[in-house]
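Heads up, the chain below is alone and in the form predicted alone; it's given as structure tokens.
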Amino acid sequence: MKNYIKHHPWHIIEEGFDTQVNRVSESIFSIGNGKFGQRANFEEKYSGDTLEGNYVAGVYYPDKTRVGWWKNGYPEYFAKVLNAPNWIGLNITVDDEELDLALCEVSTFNRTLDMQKGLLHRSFTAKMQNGITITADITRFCSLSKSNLGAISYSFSLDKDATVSIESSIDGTIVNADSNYDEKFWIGVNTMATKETALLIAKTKKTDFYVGVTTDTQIVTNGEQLHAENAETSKKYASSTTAFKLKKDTVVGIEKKAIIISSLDYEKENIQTVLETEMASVKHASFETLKANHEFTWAAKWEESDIVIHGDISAQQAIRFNIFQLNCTYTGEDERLNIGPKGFTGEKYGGSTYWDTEAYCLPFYQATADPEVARNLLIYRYKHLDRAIENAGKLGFTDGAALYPMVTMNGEECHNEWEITFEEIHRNGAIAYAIYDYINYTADKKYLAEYGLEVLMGISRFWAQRVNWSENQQKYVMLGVTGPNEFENNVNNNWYTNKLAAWCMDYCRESIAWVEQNYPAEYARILAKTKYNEKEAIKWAEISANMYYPYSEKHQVFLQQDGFLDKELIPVKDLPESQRPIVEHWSWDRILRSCYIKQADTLQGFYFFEDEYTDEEHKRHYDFYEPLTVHESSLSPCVHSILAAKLGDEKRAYEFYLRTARLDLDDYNNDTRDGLHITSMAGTWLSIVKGFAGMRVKNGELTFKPFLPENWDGFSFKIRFNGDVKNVSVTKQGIEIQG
């Protein structure tokens, strides 16, 4: 755990330059606008530990799978969001020495992320090896008001007269650090460079996505605009270089604008024309004007999604950081896009879509943004239904059974760890639950007729084929699965998976009846398309009524899976700190044989289906499983926080909130350097809204059961519900709801 980020209600602040945490900071200070984003890499050269990262939404490459041995059904590739051409380059040379903070004596350094305005700011004073001291001030943003625009303001001065050169570049020679075979994924298509502008168009191998970038760079000193003397291009690089004499203490001002587009939005043959047209529309606008437009749009975004906490700056900073990064990652304007676990902040997990979106992110967007945003997240899955049926077919399932992928870009499974690809099938249930959750929250039941029912039917068909009848149990069982707790592989009768399967089939039957009654024309269309037979619903009802759930009479709890009580149940508190996290200190064999739970598993089911169980049952299960949970998944603490709040355990609810809220800011798991945990950030929002405020939807109405953490004076938030915006305020005097 690290603790170098200064506490501030609206800013993320790093003071002093520590090369040991630079990659962590590159993640924390990442910015984006839903269409593209980037890590907080320096504009100038940096030879120290860095992970360069510029990412364009939806542009990916099918990196050939690398596994020790193959199994039938394995995907042949792992889809990865690509490190896209880098537009921020401003390499500065002073008296023939390149500015490189890794080689400088840095006396002052400040990096600030202004979350309220969506600005990344950096300033420093550094003595170069040639003895010249440079003082610089830089601001950068990815425009929220014009989603293809990025801009930089970079000013600096020197403490001595010197000859300076500034190279402004677009670099398409970039690589993905996680490339399985060190392959470069880009092919250069076209490059151009003039005294002020540069242009680069590249395409991906195999997937043939085109990305185009054009930049305009203006350099001014003493009120005079300087022009480049040299412009250079190669197949994947375009730059212009300006050289001049600079007097001591004279300020050089650089404004660099970039337009970034892809063939997701424009025809490939029109990319260059669009780049030139779009740049012409902003070329004569000042950095300050473009920044003001961007700030105005961020102000509107905060107006609808902010959570205000009184009396706890650490908690206030944390929740705003989580909300900020969620809004940087996904805006909901494009139903072809989804939410990767790392967003635009790193390469881990490939930037692909996981079940995290449905289980954690959907509630945030449906409560804080236009209704179409959440709907588009669900439509994304509907449009991949045919691929889900194909995925199931590859594993031997038939007759329209659908298995949604654990990891995907285009609907096709691209994950290749057998215990996840073949066994972590609970993801199907999360997608079905998201349909229910969306309709329960928005009352948009028409969605069932238009899209949702077909998805539910495909998933129910999968469950019906995945179970088998056990003569021994005289019940339906589900063998060889992995639940959310990935520290247990290839288990039988994971309670959460069995529970989801039975619930899905029941919900599908209810939905079929509702659509038949209320939308007969849509019902007829769906029947013809899916070849549905009413005998299927009869079978689903039989399976659901006779599903097997492992249970302990001794402990009066559902067991995570068969045989769980054969394990040695040693509480996490009795583990030496030197052995935590166990994933870094234990063999996989030892982990699998242990009782330790990576993330909420059985308790995930109690979170989803809380109304089916009494408070006593909630408490028994929480008290049994929480002491065995190591929370080595970022998705775990928020669920435990919500459940603790429901049980009135305010102390643990707050402890788990802090853990999820400051997971990246304080680098709890020592992995922030690889990128932020974007999808778990939605869990932070859930911890406050569903946990501390106790918000639920019951019979189409909002209900609240709030509590105020001991060291808070109050908190407030806004949510959209049934077309209205509700202002919710919790203080020591109680709760007030307006709107």
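Residue numbers here begin at 1 and follow the sequence given. Because the structure is predicted, anything quoted here is derived from the model rather than measured.
Only in words, not in the display: the form predicted together with a small molecule, which the text now covers.
Considering the small molecule in the model of the complex, the lone stretch of 354-362, 284-292, 95-103, 319-327 in range is 354-362 [heavy atom distance within 4.5 Å]. The shortest heavy atom separation between Ser633 and the small molecule in the model of the complex is within 4.5 Å. When the small molecule is considered in the model of the complex, Lys256 lies well away from it, no heavy atom lying within 4.5 Å. Contact check for Thr679: a heavy atom falls within 4.5 Å of the small molecule in the model of the complex.
Not displayed here, the small molecule is kept clear of Ser239 by more than 4.5 Å at the level of heavy atoms in the model of the complex.
Here is the short version: of Glu167, Glu522, Glu486, Glu650, the single residue with a heavy atom within 4.5 Å of the small molecule in the model of the complex is Glu486. With the partner removed from view, the residue among Gly429, Gly172, Pro341, Gly150 that has a non-hydrogen atom within 4.5 Å of the small molecule in the model of the complex turns out to be Pro341.
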